[in-house]
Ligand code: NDP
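Coming up is one lone chain in structure tokens, specifically the form predicted on its own.
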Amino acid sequence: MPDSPIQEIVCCMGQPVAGNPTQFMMERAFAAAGLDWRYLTLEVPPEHLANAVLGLRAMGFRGGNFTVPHKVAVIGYLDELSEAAELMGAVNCVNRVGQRLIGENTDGKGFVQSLRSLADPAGSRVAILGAGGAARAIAVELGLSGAEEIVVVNRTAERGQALVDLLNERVKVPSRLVHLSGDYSVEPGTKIVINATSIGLADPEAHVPVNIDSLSPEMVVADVVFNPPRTQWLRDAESRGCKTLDGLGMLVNQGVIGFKIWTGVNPDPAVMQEALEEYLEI
């Protein structure tokens, strides 16, 4: 740590929230790394996004996270995008390099890093439920990581097909759509099954529309929901002998990646995990 540390500021801009577990996690990680940094949560309505980004530039913030509803709109105020962010058409992490603001998307990267603790996505058939922002980010990163095939399962055919077209045409990973009606039966040979919807958020009994009997022990079953960490979806998968992956690991790894982007320092993931568990009282 330098003799005269310079305080740096990172922010999170998004819709009004009752609390921000990422802020708690990041400030705990800054302290553990001996960095005199702060992470601020800023409620920014869409009509003030342009001025907010100007403020970020003017006040010398090191960067920030951008949440719903700003992940797409913020792109128009940035100087450059990473390959993944450009493919996804969404940004959740911005880094200042000199006077330039660089957009990145750590959603999918955080998931893939967490997934690798259980399975290598390379050469795997993957089924993803959902076609929203989280599903899009995860699918792109899985494609870039060498997935053999991605099956997008979604109730809205148009939205699901748009993601499939992106994966086939730009990410160059074979992909197809299953238009969801009723419960989806996971196809034999599928290695990874992901709930990338908000089903289960703050509702530990919510049912993900999958035929549980179609799950088998060789599958890894994942959920992007981190609160509660043990959703009904994961409990059902465990009852079928599947390995499971909760959303906490994805959130921690997103934080690890963002921390390194902004600071150049590798944080302690255990500190970040403990902070999240303390915040969520689990």
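Values in this document were obtained by computation on a predicted structure and should not be read as measured data. Residue indices: 1-based, along the sequence shown.
Although not depicted, the form predicted together with the named molecule is the subject of the following passage.
The named molecule in the model of the complex comes within 4.5 Å of a heavy atom belonging to L201.
Shown alone here, G63 lies farther than 4.5 Å from the named molecule in the model of the complex, counting heavy atoms only. Residue contact with the named molecule in the model of the complex: L78 places no heavy atom within 4.5 Å of it.
Contact annotation: V224 falls within 4.5 Å of the named molecule in the model of the complex, judged by heavy atom distances.
Of the stretches 247-255, 210-218, 39-47, 52-60, only 247-255 has residues with a heavy atom within 4.5 Å of the named molecule in the model of the complex. Interface residue among V72, V171, L118, L180 relative to the named molecule in the model of the complex, by the heavy atom within 4.5 Å criterion: L180. This chain appears without its partner; in the model of the complex, the one residue of V193, A196, V140, V91 with a heavy atom within 4.5 Å of the named molecule is A196. Contacts to the named molecule in the model of the complex (heavy atom within 4.5 Å) from stretch 141-162: N154, R155, T156, R159.
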